[in-house]
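Just the one chain here, laid out as structure tokens, in the form predicted alone.
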């Protein structure tokens, strides 16, 4: 059922309070020009709860501090637009350059790869597919972890079933090899091979939470197309947490439209296998 076509009025005072609270808790920052976008995302929560205003939602989040309420908030804010083989040059660099180098240096040590904002799962599954095609999954102990702050996104990722839009960049031969057509509520969908899906460990994690980052830190981190929603301060702090917990050498892949150029960071930007990578060395 679809209840929520209405967008409630979000006064400037409530916008600033909610914006700053969300920023503090998630790293996501809504510029003044994004007030209507925030109102559109949060109106369903206000209506569903029977609240009289956005301030009621603010007081709930600020003072009740209930994890279930925050999970619902993050689900409402999260952006799920992704697809297989997105910005694949970086995955290719991982397969062709980073993994062979790791294998030569640590032939018996498990390589952990962390997809730090996996959304509905296409990124970590693309990594697993590429590694499998190059036979690295059978030659080297590799652990792939996929996390997101949205429980809703992880639920979809754990199902491993995808619609047509997820395949707009995936080579047809790989779709045929690794996916099986299944009926879906919105038409035909495709389920990924369990041998690939089972290689991923899915986990709820918030990138502004020091404990979450410490637990999942890895030599290879993909954190792509999430910093575009963060404030510079949040990006700076997240990158510093990555660097502090990442072993040496370490590799950070961020989105093509993102840059750490204006930030103070200990990472060095390098070109590896035709892709730009931030390296801890």
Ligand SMILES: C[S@@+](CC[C@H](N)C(=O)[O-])C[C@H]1O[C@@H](n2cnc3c(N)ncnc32)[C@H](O)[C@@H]1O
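All values derive from a computational prediction rather than experimental measurement. Positions refer to the first chain, counted from 1.
Omitted here: the form predicted together with this ligand. The next part is about that form.
You can rule out all but one of 111 to 119, 98 to 106, 186 to 194, 136 to 144: in the predicted complex, only 111 to 119 has residues with a heavy atom within 4.5 Å of this ligand. At the 4.5 Å threshold, heavy atoms of residue 43 stay clear of this ligand in the predicted complex, well away from it. A residue is said to contact a partner when one of its heavy atoms sits within 4.5 Å of a partner heavy atom; residue 166 fails this definition for this ligand in the predicted complex, lying far away. Mapping the unseen interface onto this chain, residue 149 counts among the residues with a heavy atom inside 4.5 Å of this ligand in the predicted complex. Of the heavy atoms in residue 132, none are within 4.5 Å of this ligand in the predicted complex.
None of 230, 242, 54, 70 but one reaches within 4.5 angstroms of this ligand in the predicted complex through a heavy atom, and that residue is 230. When you look in the predicted complex, the only residue of 157, 207, 94, 125 with a non-hydrogen atom within 4.5 Å of this ligand is 207.
If you take 14 to 39 and check each residue for a heavy atom within 4.5 Å of this ligand in the predicted complex, you get 26, 28, in sequence order.
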